[in-house]
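There is one chain below, alone, in structure tokens, taken in the form predicted on its own.
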Amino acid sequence: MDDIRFSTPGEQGKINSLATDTLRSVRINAGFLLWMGFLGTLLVVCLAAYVIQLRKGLDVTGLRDFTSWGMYIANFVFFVATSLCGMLINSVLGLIGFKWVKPISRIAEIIAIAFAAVAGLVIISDMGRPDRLPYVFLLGRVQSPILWDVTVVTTYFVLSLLLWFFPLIPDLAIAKRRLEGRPKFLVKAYELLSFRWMHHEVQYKLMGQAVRMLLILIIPTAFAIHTVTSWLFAVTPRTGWDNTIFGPYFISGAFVSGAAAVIIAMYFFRVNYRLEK
């Protein structure tokens, strides 16, 4: 911590308290083990079901012409929509100048990254031949909305990942000094990921410029990911689907689900990890 310049001892004490709270190890108690066991069981069941689908084909899902995606498309739309929270909180509200979004911006980006990644996995799960996924990129047709969707989901995921990681670098530099007694590989990982950050004003200025550029770029990307996803339905020449309202309908729904995800996640972390202060 000696490479950080604080204006007052009180400010340094506040940073020390925050670092101690946020770097505290996860409590391995009965509740944690029960929750991990439940999630592990679900994972095993899902993998077993997917193996059956790979062996016997999509016919086992009951999907037909008039029920083309079923739960796959429902989950895809939900995860893509909820991932909008990163753009909403970090970019829109942050660029407008709302200071209260800073404490929740990181959790919003974590949700955006995780949900965008899961949305991509849902699409792969729906493929009868996932081994042919590289052909989407190598042989995809520009006229296909599916190629558009894959492109914007990947772009949004990469931008969200950078928006999460860049502001994390100063915190990693602080954390690497508080890893006494931890495994050597963990200490080495913190040293590599902090990129020799020294908390200089020039470093903060460059990082601020990079983050602001990403905040601007991710806004049209986020709107594109939801409008393009809606076009996957709207280009279907079928009653009830061939409709121009799908674009704004998806975006408005994404704002609602994304904000709800952040509220739920913040409540969980505040209470479970005792970070109310």
Partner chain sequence: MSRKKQEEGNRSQDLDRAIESSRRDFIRKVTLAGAVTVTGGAAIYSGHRFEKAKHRDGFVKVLTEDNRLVEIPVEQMRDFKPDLKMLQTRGRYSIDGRRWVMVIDLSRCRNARKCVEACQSAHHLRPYEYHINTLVMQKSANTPAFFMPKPCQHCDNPPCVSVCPVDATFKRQDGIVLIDNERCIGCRFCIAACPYSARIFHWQEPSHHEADNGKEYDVELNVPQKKCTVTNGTTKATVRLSELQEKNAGYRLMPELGTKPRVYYLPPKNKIFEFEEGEKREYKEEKT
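Positions refer to the first chain, counted from 1. The structure displayed is predicted, hence computed values, not measured ones.
The protein also exists as the form predicted in complex with its partner chain; that form is not presented, and the subsequent description refers to it.
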In the predicted complex, Pro237 touching its partner chain (heavy atom, 4.5 Å): yes
Its partner chain contact in the predicted complex: Pro170, any heavy atom under 4.5 Å: no
Leu139 within 4.5 Å of its partner chain in the predicted complex, heavy atoms: yes
Exercise: Tyr135 in contact with its partner chain in the predicted complex, heavy atom 4.5 Å: yes
Answer option from Ala210, Leu58, Ala49, Ile219, heavy atom within 4.5 Å of its partner chain in the predicted complex: Leu58
Interface segment, criterion being heavy atoms within 4.5 Å of its partner chain in the predicted complex, picked from 229-237, 210-218, 246-254, 40-48: 229-237
Whether Thr154, Ala259 and Ile264 all lie within 4.5 angstroms of its partner chain in the predicted complex by heavy atom: no
Sequence-ordered list of residues in 122-147 near its partner chain in the predicted complex, where near means a heavy atom within 4.5 Å: Asp126, Met127, Gly128, Arg129, Arg132, Tyr135, Val136, Leu139, Gly140, Arg141, Gln143, Ser144, Pro145, Ile146, Leu147
